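Only one chain is included here, represented as structure tokens and corresponding to the form predicted on its own.
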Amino acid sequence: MKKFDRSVIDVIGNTPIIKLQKVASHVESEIYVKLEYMNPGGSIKERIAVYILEQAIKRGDLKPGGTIIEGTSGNTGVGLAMYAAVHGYKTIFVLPDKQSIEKINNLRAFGAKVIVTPTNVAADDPRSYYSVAQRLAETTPNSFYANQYYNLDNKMAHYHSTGPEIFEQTNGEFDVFMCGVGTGGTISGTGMYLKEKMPNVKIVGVDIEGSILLPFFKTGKVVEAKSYVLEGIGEDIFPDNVDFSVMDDMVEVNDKESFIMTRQLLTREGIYTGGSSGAAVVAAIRYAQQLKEPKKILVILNDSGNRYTGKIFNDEWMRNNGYWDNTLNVTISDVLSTLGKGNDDVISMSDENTVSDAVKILKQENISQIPIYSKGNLLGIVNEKNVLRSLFEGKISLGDNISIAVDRNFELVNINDLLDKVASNLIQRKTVLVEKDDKIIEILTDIDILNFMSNRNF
């Protein structure tokens, strides 16, 4: 045989990078994703598992026939279990109970002992998965505690692996590197290497609403952690591997938008990845929207979607938890694309004009609504029906200043917001203005939504 590898460990890495074509088509920046789920065990965590264990063997911390112990959200456990299977070690893993059953079953399939602990307890509670894993390591003979949160080999694994690999693949031809922050190893190690090679690169972390990491990065204050469902990013502790000095910025996302994007990555891009990857793409789009000029953004997609078939990719679970509604959980960008709208500038007027001026524009342009601005600030909308009613009732005259006819019952929504936000506003009879890059690109109406639903066969 001409070419082969000695074991599955030897084929970790060299994962591909592709450019997103659809889910980020509404932003000018180019968003590229590195498919870490194409590692043999299905996640980026195999990189750190191998490095941590090989360093432990070199130091004599992990001895032949020993037991590897770790507190994990699942993916690091798979990497450790894979290495253990090849080299003859035993494994014990401790997981919080919010982790998917697929992750738990994966670990047990390797022959690992798996202990499930409660999620909603403090990190220093003896029942937490941090505490249980540490106690097991202290009481199990001939054991090694991988300790991915505080073992700096985690960070160095990415410094020696992920960072150089990305630089070699791209020749440094990108502007922003983004990934989720949990243990902190990926962003800190990769970011450290990239900054050595690319001094101008921006390193941007992604955090989940409820985590304590982004609030501390932004304000320097420690806040109380709140519950969230997303797996793999966010923390209620400050791991030693989180190096805030490497990060230039952080972006926060929430559970719902992360899960919906995860579904869209599969149905629109063919990318079968997990919830933290959906979160990272949402964050990349959000970051791109606030840039003054287009950039090339590279995003890490951490793990495989097959870990989440019972949750994110389960319609019933999504509906029962308030994350999924087939009609409304699409973006406004999808709506405009389906309707062929959002490509032209919306005609607007200044509050220095008169009612007569507005009537002429409504007639000439064959439109029914006009946004009215005052010194660059949006006042509201002039609607042809409201103007006509007010003229008939004698409440206004054609010579009056247009501001007297302005309807201020409007809502600004972003092109990347979900349709359910629009629907609730339309039900309340608010005018919905769609904004992109601080510019109004469309006025959505009830009939637009009906046409969209008809076209999509809802």
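These figures come from a predicted structure and were not determined experimentally. One-based numbering along the sequence shown.
The discussion below concerns the form predicted together with a small molecule, not included here.
Residues within 4.5 angstroms of the small molecule in the predicted complex, judged by any non-hydrogen atom, belong to 228-236 and to none of the other stretches in 228-236, 367-375, 253-261, 347-355. Against the small molecule in the predicted complex, the set T183, N302 and Y308 is in full contact: each member has a heavy atom within 4.5 Å.
Using a 4.5 Å cutoff between non-hydrogen atoms, N75 counts as a contact of the small molecule in the predicted complex. Put simply, T162 is far from the small molecule in the predicted complex: not one heavy atom of it is within 4.5 Å.
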